[in-house]
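One chain is shown next in structure tokens, namely the form predicted alone.
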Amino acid sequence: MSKDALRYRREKALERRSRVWSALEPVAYLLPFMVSIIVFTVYPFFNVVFMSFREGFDLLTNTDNGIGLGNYAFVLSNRDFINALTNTGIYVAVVVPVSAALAIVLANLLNRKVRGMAIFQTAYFLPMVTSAMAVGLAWRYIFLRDFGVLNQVLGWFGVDKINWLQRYPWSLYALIIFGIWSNLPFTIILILSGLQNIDETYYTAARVDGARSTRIFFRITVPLLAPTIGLVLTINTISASKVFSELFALFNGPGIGGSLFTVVYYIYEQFAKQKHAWAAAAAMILFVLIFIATMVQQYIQRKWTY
């Protein structure tokens, strides 16, 4: 075989190797990430799905009494789970829209170029860099019946002392207030990013036409923030549906007599009791409800013309 033919074959071989490596290079970079996703996300998810259908499942012995819907039937008829579902639904229905509305107003104020505004921005973002348990303990002292700051302030207006932490539904109201406050920083950051992407030309044209600030806010700012608002509502719905640590911070558990059960706390308690199949069934029910709520929000957002 001639030297030219050998050189041609070597060049073709090198070219094939180069094409193969070009195709495999992204896979090599993504492989550690994909392995971690499969091991820590995909496998646990399908394992929980399978576990939720194994009736009488025991994690320690890996035994069950067969496959069926018995776990779902028990969970959906359990009084504690119904109570948890109700509390979680109320919490989500109040915290998500209220925190979004407050964040839009506050972000609009923080977006103004005023001297000293950086101080206010830092104050609003402090909860994001503070321990949730530490903040919860501070709020617990705020909600104390006899020495709490909130009751002291309400007393100035003639309101009797409220037992926020040990009496339902006041304990639920306390949880909602704390939830709104803790959700604000992250929500404000998202809204601020949306505000800063709005072209200033719209505002200039509106002011030239003599539009007032209120009209500009509702006719320009809010419609142009629609994609960001949709993202905020979706993220906060998912986050609020998994309310859990707030219960430990404020009440050291699910409130007096279990009155403040949430779905995630119910799942946690079932695992603590070694009722793993019931916990898995409750987790799947929560997943389906969050998925439905997210799809409804996405549908409404697509239909929202702006």
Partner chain sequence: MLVEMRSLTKHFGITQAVNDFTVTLPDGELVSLLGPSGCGKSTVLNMLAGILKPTSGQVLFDGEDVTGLPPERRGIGLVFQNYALYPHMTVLNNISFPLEIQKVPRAERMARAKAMADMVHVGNLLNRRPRELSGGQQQRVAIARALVKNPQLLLLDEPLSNLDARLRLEMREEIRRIQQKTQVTTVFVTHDQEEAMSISDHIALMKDGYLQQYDTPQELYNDPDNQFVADFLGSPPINHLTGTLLGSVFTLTDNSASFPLPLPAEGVPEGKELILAIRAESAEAAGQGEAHFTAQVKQVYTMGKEELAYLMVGTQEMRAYIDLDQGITPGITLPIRLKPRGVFLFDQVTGVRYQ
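Positions refer to the first chain, counted from 1. No experiment lies behind these values; they were computed from the predicted model shown.
Separately, the form predicted together with its partner chain exists; it is not shown, and the next lines address it.
Checking 153, 208, 73, 119 against its partner chain in the predicted complex, a heavy atom within 4.5 Å turns up for just one residue: 208.
Checking 140, 167, 145, 219 for any heavy atom within 4.5 Å of its partner chain in the predicted complex turns up a single hit: 219.
The chain is drawn here without its partner chain; in the predicted complex, the stretch among 129-137, 101-109, 179-187, 193-201 whose residues come within 4.5 Å of it by any heavy atom is 193-201. Taking the partner from elsewhere, residue 93 is found to have every heavy atom lying beyond 4.5 Å of its partner chain in the predicted complex.
Shown alone here, residue 215 lies within 4.5 Å of its partner chain in the predicted complex, counting heavy atoms only. Heavy atoms of residue 82 never reach within 4.5 Å of its partner chain in the predicted complex, leaving it off the interface.
At a distance threshold of 4.5 angstroms between non-hydrogen atoms, residue 223 is in contact with its partner chain in the predicted complex.
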